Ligand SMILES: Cc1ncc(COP(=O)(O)O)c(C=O)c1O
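Here you get one chain, nothing else, as structure tokens; it is the form predicted on its own.
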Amino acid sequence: MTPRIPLSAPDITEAEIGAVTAVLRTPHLSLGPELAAFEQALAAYHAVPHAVAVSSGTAGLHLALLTLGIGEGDEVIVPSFAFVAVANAVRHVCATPVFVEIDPVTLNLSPGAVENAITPRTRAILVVHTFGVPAEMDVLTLIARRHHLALIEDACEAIGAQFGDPPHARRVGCFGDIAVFGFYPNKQITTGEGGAVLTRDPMHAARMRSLRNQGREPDAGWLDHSEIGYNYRLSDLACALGRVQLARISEILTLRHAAAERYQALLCDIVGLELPPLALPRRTISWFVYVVRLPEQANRDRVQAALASRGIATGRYFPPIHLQPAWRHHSGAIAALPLTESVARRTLALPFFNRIAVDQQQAVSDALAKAVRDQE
């Protein structure tokens, strides 16, 4: 049964529909002008020279690791409290993900835990800006430089977020050697499926453009390949959608912040419920999801079932990667991560999207308050 209040919903206007329809009237459905226009817009928005659009954020992570030369025998530090793609991409290049602990407030990588996990085999730190909250990029950048490590930003959940003291704050995605974005339909902006990679290095950009297109060089023939590559292209239809979405991002982020503020006011009196911070020092949050932490005594499955019975969808963000069946016996999953496991047991994502209505949020609040009270 389709939930009465979904967990997420894309925000598509007539402008996006018009842009996609216009592409359908051209012969350029892939590798055409909309691809270049979307890449240029992404690069300009983030004040970096190069953006490479790809078929998904996962594809972007894969290309980032390949381009940085990370492979067998190397270790990459990653959070376990994240979407599984961050670990999968590391294995795709035959490297080892090393799972480390998170900060209890931001839920991002703990810089201290990162420092403690570095070994002679460590080649990179893969930083996830979890739930759109910027990680502590100044400290993590210093750690990476001190140990001569690559720094990769997974900003798939965080487009538009900023880190630093005004007026010198910068958008996430411009701190690391390479940054990756994702545009799945539940993200702040969407291309349907798709992602992008940002870099300041023209050699990195050129290699990723080749790798995404079966290893072809720009001036080579369609059947000529300089190296083994992948079909990680993003169609012009998707790029047209993304270009218009990006042009609306200020409006979109404002709507999402307002929805977060409403939840904060509606939920603040539920005893034992921990709400996400609305603001943090040196950070501008880009609201991807609204995730609460249930009281210790609450049974999350029962809370979810109670909300589902009233037509309200919820999500478990995130089951720790190191406890997933696919990863439980992997060599990178041997460290104890008590904070990650404790937080993950209690997290619950509530319905959250650009156009969520006040009455929908009130219904979610009422249902959640009752479900929590019923377990006291």
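Because the structure is a prediction, the values reported are computed rather than measured. Note that residue numbering follows the sequence shown and begins at 1.
Not pictured, yet referred to below: the form predicted together with the named molecule.
field: Non-hydrogen atom contact Ala85 with the named molecule in the predicted complex at 4.5 angstroms
entry: So Ala85 counts as contacting the named molecule.
message: Residue-level contact is defined here as any heavy atom of the residue lying within 4.5 Å of the named molecule in the predicted complex; does Leu61 satisfy this criterion?
response: Close contact exists here: in the predicted complex, Leu61 approaches the named molecule to within 4.5 Å, heavy atoms only.
message: Residue-level question: is Glu157 within 4.5 Å of the named molecule in the predicted complex, judged on heavy atoms?
response: The answer is yes: Glu157 has a heavy atom within 4.5 Å of the named molecule.
message: Can you work out whether Pro97 and the named molecule are in contact in the predicted complex, taking contact to mean some heavy atom pair no more than 4.5 Å apart?
response: Pro97: no contact with the named molecule in the predicted complex.
query: Has each of Ser56, Val128 and Lys187 got a heavy atom lying within 4.5 angstroms of the named molecule in the predicted complex?
result: Yes, the whole candidate spot contacts the named molecule.
- prompt: Using a 4.5 Å heavy atom cut-off, which stretch among 103-111, 85-93, 266-274, 244-252 contacts the named molecule in the predicted complex?
  reply: Partner-contacting stretch among the options: 85-93.
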